[in-house]
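Presented below, as structure tokens, is a lone chain in the form predicted alone.
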């Protein structure tokens, strides 16, 4: 076996061993495992709900059964139009999760490169990027999202874009801090000595070694994006009815909250459980990826 192949084999073995070690530490965290189980169920429900849930359960109206309290026939009760709240909450899983994931992808696609460039080059480039980041950070994210939706229009795509842009400063800061810790390592100097270009060094050597905090930030920001999207819908500038997004369900139910509190209770619980699951997984990943916690 050539020397190059031996080095590649050793590197692959080391990477595989590191992944097993991370999984072992993550698996020890019962809260993280519970959160991951909840998220797997929610993702499966959101991805497959169209195949097993009849459309009549979502949009079908039956005024003779309106505002019925939870029962064996309607587990979460019915809304003001006689629609089954359980199935609408189940169907809303796909919208809330989709908004959370897409918004975070938008945040990462913008914030991670900006943070990497700022941390790698430093100087005036870093000053400009970070001062702009400071300006955006000074604006409450919910207000920024409201402004963006108000300008672009009230659509699902614009809602995802608004929530995503509002979270860009967090990714920029986390990525910059991570890049600063690794950009002067010996393997980076070796890559420069070999004549590698700056984009190659950033995306091939630096960012792969900064993934741990970015992954944790991504997990936690999905939870924040779901809350932000639900808040916008609750304020009446998010997803339009009759789409059963959880925030929209809360908005529809608040009119009847005095006598029919279940209309807000169950969508609110869905948001709470989902956000809690993401936070538990994020905490577990943070502990598992922290090399200081090895034992």
Partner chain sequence: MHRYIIKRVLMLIPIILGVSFIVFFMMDMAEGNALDLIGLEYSEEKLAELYRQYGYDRSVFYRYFLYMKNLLHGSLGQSIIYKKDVWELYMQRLPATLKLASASVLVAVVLSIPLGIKAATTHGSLVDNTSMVVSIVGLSMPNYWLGLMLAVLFAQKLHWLPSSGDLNGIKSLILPAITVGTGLMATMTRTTRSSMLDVIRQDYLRTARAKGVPEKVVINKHALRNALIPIITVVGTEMGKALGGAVVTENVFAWPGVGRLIIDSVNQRDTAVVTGCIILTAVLISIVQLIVDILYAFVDPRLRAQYSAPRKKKAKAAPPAAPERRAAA
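Source: prediction; values computed, not measured. Positions refer to the first chain, counted from 1.
A second form of this protein, the form predicted in complex with the partner chain, is not displayed here; the remarks below concern that form.
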Study note, to complete from the structure: The one residue among 125, 142, 177, 105 placing a heavy atom within 4.5 Å of the partner chain in the predicted complex is 142
**Study point:** The unique member of 150, 212, 181, 155 whose heavy atoms fall within 4.5 Å of the partner chain in the predicted complex
**Key:** 150
Practice item. Although the partner chain is absent from this view, report whether residue 37 comes within 4.5 Å of it in the predicted complex, heavy atoms only. Key: no
Review point. With the cut-off set at 4.5 Å between non-hydrogen atoms, does residue 268 touch the partner chain in the predicted complex?
Key: yes
Point to revise | is_contact(residue 42, the partner chain) in the predicted complex, heavy atom dist at most 4.5 Å | key: no
Check your understanding: Looking at the partner-bound form in the predicted complex, is residue 73 within 4.5 Å of the partner chain by any heavy atom?
Key -> no
Practice item. Given that the partner is absent here, state which listed stretch (95 to 103, 130 to 138, 155 to 163, 112 to 120) has heavy atoms within 4.5 Å of the partner chain in the predicted complex. Key: 130 to 138
Practice item. Using the arrangement in the predicted complex, list in sequence order the residues of 247 to 284 with any heavy atom within 4.5 angstroms of the partner chain. Key: 247, 250, 254, 257, 258, 259, 261, 264, 265, 268, 269, 271, 272, 275, 276, 279, 280, 283
